[in-house]
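In the form predicted on its own, a lone chain appears below as C-alpha cells.
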C-alpha cells in the first residue's frame, strides 16, 4: 500500500477545489489568506499575527467545511485562539470572507492536511479539538482513509493538554463504531457519555453545520461524541 503524503499518511479528504473562484474570491485567497495562514515553522500554540496578547486557550477544528461551527465559536470566544484546517478551497474562501466582514482576529487557517498542523504543534498546546462530520469513506475498501484512526488520535493526544476536550460527530454508523473502537485502544482519551442522550443529542454550545443539516434532511442518525484527554 502506498501513502499519499510525505509522512506516510493516506489522504483522508476528497477534492481540493470546486468551481473556478470569482475575481473577488481569488482576491481573498491572494490578500487575506497570507495574513491569517498558519506558519508551521513558528510555534503554532502562540497568538495569531493580529493578537495583542497571548491567548489562554487554543482550539483546533479539523475539516471546518463551510466554517459554520468555526465562525460561531470564534465569535463567542474572542479570547480563544482558533486554528481551522480545511483542504477544500471553497470552504476556506467562505471563512476568509467572514474573517474580513466580521473583523475576526482570533482565527488562523491552514488550507491543507490537519495532521501536518498536529505534528507542528507544541506538546499540550490545545484545550479543545473538533472533528465534525469528516469525509466518511463509506465503502469497505475506502475505510482505511478515514481520518479518525490510531495515528490521528496519537497526534491529538500529544498536542492536547490533560483535561482538554475532543468533540467528534458523524452520520455514518460504521464510522461511529470504528471511532469508539479506536478510542478504546487509546488510553489517553476517555468517552464522557453517561447516557444515550449524550451522544444522540447535540449540546447547545455545538452549532449545526451544513453537513449535519444534510444528514438530518436525509433522515440519517447523527452521533455526537465528546472525549477527555487524560
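All of these numbers come straight from a predicted model, not from anything done at the bench. Positions refer to the first chain, counted from 1.
Below: the form predicted together with a small molecule, not depicted.
Note on the partner interface in the predicted complex: the residue among 158, 77, 115, 128 having a heavy atom within 4.5 angstroms of the small molecule is 115.
This chain appears without its partner; in the predicted complex, the one residue of 121, 132, 83, 71 with a heavy atom within 4.5 Å of the small molecule is 132. Note on the interface: of 34-42, 57-65, 177-185, 197-205, the segment with non-hydrogen atoms within 4.5 angstroms of the small molecule in the predicted complex is 57-65. In the predicted complex, at least one heavy atom of residue 209 sits within 4.5 Å of a heavy atom of the small molecule.
With a 4.5 Å cutoff on heavy atoms, residue 96 does not count as touching the small molecule in the predicted complex; it lies far away. Although the partner is absent here, residue 147 lies within 4.5 Å of the small molecule in the predicted complex, judged by heavy atoms.
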